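The chain below stands alone and is given in C-alpha cells; this is the form predicted on its own.
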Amino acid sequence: MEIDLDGSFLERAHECAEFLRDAGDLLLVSHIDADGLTSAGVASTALDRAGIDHETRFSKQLDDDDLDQIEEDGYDVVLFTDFGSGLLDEVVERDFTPVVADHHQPNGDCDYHLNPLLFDIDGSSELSGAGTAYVLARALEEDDDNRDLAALAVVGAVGDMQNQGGGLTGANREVVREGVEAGVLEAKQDLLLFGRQTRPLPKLLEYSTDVFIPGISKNSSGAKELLEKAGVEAKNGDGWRRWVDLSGDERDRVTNTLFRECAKRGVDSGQIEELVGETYTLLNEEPGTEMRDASEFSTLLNSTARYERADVGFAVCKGDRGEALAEARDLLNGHRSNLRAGVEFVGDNGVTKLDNLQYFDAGDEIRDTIVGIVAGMSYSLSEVDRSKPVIAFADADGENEKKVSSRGTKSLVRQGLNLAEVMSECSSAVGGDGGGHDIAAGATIPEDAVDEFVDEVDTVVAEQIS
C-alpha cells in the first residue's frame, strides 16, 4: 500500500480486512449524510471486488433500536462506516462481531476498530469517514489496489466540510494524491463558487453567497455586468455557458475582475482570498454533470438521504447512472425548492440576536435534516449578521426534543470559533449531546431547554472569539 499514513494505522486496516475476508453473514451499516453514503459506497465496492457477500443498511442516528434489530436478524459480523465509534461500549455487548471504520470520537474500543483518532490523525479535519473506509478498501485488495475509489472518498471528505481551509489537508492529502496517480481525480486551484459544472455563468456568481459580494451576490443584473466587464460572453449558440465551458484565459479574466470588484465594494481581503482554493474533479464522470465536481456530487448525495432515500444515493455511489441518478436529480430539485422555502422562512420571520449569536426556531416548518443547510444559506439575508454564528432549531423525531444546527463563517473560525466544542459543551450542560466541526456542528437537546441553551452558547462563543 502506497498511502503514506501512520504504519500502525495501516496495520490495523489490514487486521480488519483479514477478518472481513473470513466473515460469515455480513451486514454493512452506514450513516445517511454524504460522508456516510460515500463511506458505504467505497466499502461495499471493495467488498464486492474481494468476493465478500454482504447486505447494506443506513441509519440517521445509530441507536439501541437499530442494534436490537441487527442482533435479531442474526448477522455474524457488522461493519459500521462513518459511525459506530461513539457507541462501542454498547456494540461490543451485542451478539455479533463489530468492525468499525469511523472518524468520530471513540467511546470504548473493540478488536477491529479503524479510526484515525486512535493513531493521532485528526478525524474532524484530516480524514473523513469515507477516507477511513478507503484505507480499509485498499487493505482489502491483495495487491493493495482500489485506488480508483479515492475519488469517492474525496467526495465524502468535501461533503464533511474537511476542505474548509481552501483544500483538503493531513491524511486526506494522501487520498487525493492516490486518486490523482490513479487517473480518476484532478486537484487544482480554481474559483470556489458552487456550481462550476452545472450552473449558468450569471447564476454561478449570483447564487454563490459564501462570500457575500454587494451588488453581485443575489443580484442578477450585477452578476451579468461583472461578466461584461471581464469581456466574457455569458451565452453562445448552445445557450448559457458554464464555468467548465470557459477557456483558461476567460476564467482568469472573470477571477481577476471578481477580485477587483470585491476590493472596490469593501469585501474584506481575507474573504476575497477564500474565493479561490483547491477543487476536485472526478475525471471518470461526464463533464457538465453534478458528479464531475466533488462539491456538487456531495450535494446531490445529501439530497437523497435527507429525504429517506439513502438507497438512491448509495446506488449512485455504486455507479448507477441510469434510474438511480434520474431519481437523485429529481430529489435534488425538490431539495433546492425546500432550501429556498427555508431561507424565505428565515427572511420572513427574522432571527433573534444576542450579543454573540443569532438564532431562529423553525419548528416543523423546516425539516430537521436540512435546517443546518438553511442556517448557512441564511447568511445571504440582510437580516443575518455575518459577524455572528447562526443557531437553528427544528422539531426532532424524538418526543420532547429539539434538533440544533449551527453554522459559522471562515472569518469567525479564524477568530477562534469552534462550533464542535460549542455544541458539545452547551448541549451537555442542558442534558443533550452534540458535536461536529468548527464551522458547522449540531446537537439534540430537550425542547424545554432552548432558552438555557442559547444563553450557554452566547457565553461560550464570547470566550472563544475574545
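Numbering starts at 1 and runs along the sequence shown. So that the term is clear: the rigid core is the largest set of C-alpha atoms that superpose within 1.5 Å between two forms. Just so it is clear, the structure is predicted and the values come from calculations on it, not from any experiment.
Only in words, not in the display: the form predicted in complex with a small molecule, which the text now covers.
Annotated contacts: 202, 224 and 236 are all free of the small molecule in the model of the complex [non-hydrogen atom within 4.5 angstroms]. Listed residues 195, 372, 342, 179 were compared with the small molecule in the model of the complex; 372 is the one with a heavy atom within 4.5 Å. A residue is said to contact a partner when one of its heavy atoms sits within 4.5 Å of a partner heavy atom; residue 61 meets this definition for the small molecule in the model of the complex. At the 4.5 Å threshold, heavy atoms of residue 295 stay clear of the small molecule in the model of the complex, well away from it. Mapping the unseen interface onto this chain, residue 433 counts among the residues with a heavy atom inside 4.5 Å of the small molecule in the model of the complex. Though the partner is left out of this view, residue 299 does not reach within 4.5 Å of the small molecule in the model of the complex, counting heavy atoms only. Note on the interface: of 152-160, 236-244, 321-329, 249-257, the segment with non-hydrogen atoms within 4.5 angstroms of the small molecule in the model of the complex is 152-160. Core-superposed comparison between this form and the one not shown: the CA of residue 411 exceeds or equals a 2 Å shift.
Relative to the superposed rigid core, the position of the CA of residue 298 differs between this form and the one not shown by less than 2 Å. An increase of at least 3 Å in the separation of the C-alpha atoms of residue 440 and residue 275 is found in the model of the complex, compared with the displayed form.
Relative to this form, residue 433 and residue 71 approach one another in the model of the complex, with their C-alpha atoms ending up at least 3 Å closer.
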